[in-house]
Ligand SMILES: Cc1cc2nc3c(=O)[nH]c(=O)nc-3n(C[C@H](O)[C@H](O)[C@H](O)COP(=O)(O)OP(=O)(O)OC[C@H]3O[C@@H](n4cnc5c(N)ncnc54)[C@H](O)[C@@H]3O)c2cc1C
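This document starts with one chain, in the form predicted on its own, laid out as structure tokens.
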């Protein structure tokens, strides 16, 4: 009896092993999509090995769609138009697509679309100007207890052409228990006129993979990879008055804009509201007030939401929105540039619209 049981177990084990081998072979054959073509805007064709995401397939060919989450399907920055060959919209995409995009059916998240056959896509022409740069850390400034300014110098001969307000994506390296690098987006805080290097302002986020790497592991002389420039948050070339609103590290793109305007000579009326919790969260205050002597009509207005007794603060307190009315002289001829958390962006946008500023003249860069 025992011998029979042993034989049965052996036969079943052999069958199980055979089935496993068959499944592995089948999986390999089914996953082998061979060479696939990516038709871009009907003007450029790439030949890639099928099986990877559209995002990574393009990246392998040095075409970089924005992807603040590193291709994990949570930021929706890598949206593009897939004309054919992308398959049905996946459940992972639907929550990040608008009703109009779902109805159109051709807007997809490139990180979720798997290239299994020839595919036709449309992307903005500006994407072709995005490049990967190797850079060295040349300066680290502690602006506050949780905010650093990092300067990256590109390899000899490398230059980046960007508009004030745009951002780059920083690629981290493994550290400690973090075994894989991640990609995160940060606004450029330096002026476009300096294109052989750039500065980023990065605020520490507890347990944030990238910010922990920057604040606790990144050192002078380290080399990193950056891709960019990205984004449609940039100064419009008009003569309209400007309202800037930022909080925390949202100061970065506004700093870039002001430094650029100082170079070209700007005569527009500008007011910059910077929201912070306490005095220890303020930084670059003297530098921002210095612009009041550079421009003929500029005011820097820091506002503390949690001013503490004995901190010596004599400036404005509370939220920034109640102070807009006194800064706006002609709402129909005013532009607003906002950078901060989604909650701040929504509240400020609502207040600006109530003051009469057209919605299509409110530009923002929202980050979580």
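Residue numbers count along the first chain shown, from 1. Quick caveat: nothing in here was measured; it's all calculated off a predicted structure.
Although it is not shown, the form predicted in complex with the ligand is what the next lines describe.
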query	finding
Joint contact, 244, 273 and 304 to the ligand in the predicted complex, by non-hydrogen atom at 4.5 Å	no
Touches the ligand in the predicted complex: residue 255 (any heavy atom, 4.5 Å)	no
The ligand contact at residue 167 in the predicted complex, heavy atom, 4.5 Å	yes
The ligand contact in the predicted complex: residue 207, any heavy atom under 4.5 Å	yes
Contact of residue 328 with the ligand in the predicted complex (heavy atom, 4.5 Å)	no
Selected contact from 135, 115, 202, 160, since only one has a non-hydrogen atom within 4.5 angstroms of the ligand in the predicted complex	202
Segment that reaches the ligand in the predicted complex - one of 265-273, 137-145, 182-190, 118-126, heavy atoms within 4.5 Å	182-190
Residues in 263-277 close to the ligand in the predicted complex, defined by a heavy atom within 4.5 Å, in order	none
